[in-house]
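A lone chain, given as structure tokens: the form predicted alone.
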Amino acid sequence: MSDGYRQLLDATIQHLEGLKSRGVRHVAITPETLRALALPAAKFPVSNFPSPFSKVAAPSVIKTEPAISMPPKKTAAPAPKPQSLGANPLPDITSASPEKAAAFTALRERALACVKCPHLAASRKSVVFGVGSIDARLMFVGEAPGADEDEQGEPFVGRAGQLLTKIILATGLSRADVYIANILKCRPDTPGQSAGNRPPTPEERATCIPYLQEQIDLIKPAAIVALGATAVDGLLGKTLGITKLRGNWQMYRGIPLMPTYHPAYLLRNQAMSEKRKVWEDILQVMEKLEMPISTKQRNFFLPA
């Protein structure tokens, strides 16, 4: 047994013992989930670099297994919902550095148990911590989970997430090669609404962003892509606005940061000119990371 595996196993045991000490006695796991956990990580076919905004079926990676939920501790009064283990169980955090993996596991445990925003803890189904490689050179940061993300426990799995996945694939990478996270780990509550989302409040962003900052400090990506105005404002503070900032490199915690439009914007405005703007931003990121760029990739969304 490797040192890295032993540390991850110890961290998992400690997490379950912590749940036991809080009164949890059972962890429900479906047979389908157990079979899924035994499978190797999915690989993406990235040959031919399909256009990131072409109308193709979304990759199957976004169809995650249901969250492993646990019964709430019995109390005399209602309490914030305990966090499920989510679609990505703890042992999936791996790294070339066992110390880094252990630190990341401990960070996620703290985030899963967070109730600093009681209204969000009470309404959430999942804490959407993040997904991808913790050794990634490229990191994407969005604003907050939506309904699909809250349900599945993974960021960017709805329609906007499917579009982001296509963009990543078009660079020659996969979701497993990058790391994807949000400013907020919980879905902003929408009292009185059966659907829809709202942006995080400044107070919610300030409360939650230390988790993201620790993720960035541990991952140490070579570049960050900030997706949309809320993510840009959350990372950089009040700025000139996404329209003026996109396509222009910024710095965040000593790391080059590229602001660009959120994929949801491209779902609302599907003009070729807007798609080209986002792709030009991504090309700059690829150049910064010294990734190979084919002629076909450079010509996406240019006039014939």
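Residue positions are given as counts along the sequence shown, with the first one as 1. The shown structure was predicted, so the numbers you read here are calculated from the model rather than taken from an experiment.
If you look for the form predicted together with a small molecule, you will not find it shown, but the lines that follow are about it.
Answer option from E151, E204, E143, D233, heavy atom within 4.5 Å of the small molecule in the predicted bound form:
Looking at the other structure, the residue within range turns out to be E143.
With the small molecule left out here, work out from 116-124, 216-224, 135-143, 99-107 which stretch has heavy atoms within 4.5 Å of it in the predicted bound form.
Contact criterion met by 135-143 only.
Can any non-hydrogen atom of K275 be found within 4.5 angstroms of the small molecule in the predicted bound form?
Heavy-atom contact with the small molecule at 4.5 Å: absent for K275.
Evaluate P155 for contact with the small molecule in the predicted bound form, applying a 4.5 angstroms cut-off between non-hydrogen atoms, and reply yes or no.
Contact check for P155: yes, within 4.5 Å of the small molecule in the predicted bound form.
Does the 4.5 Å heavy atom contact test between R246 and the small molecule in the predicted bound form come out positive?
It does not: once the small molecule is placed as it appears in the predicted bound form, R246 has no heavy atom within 4.5 Å of it.
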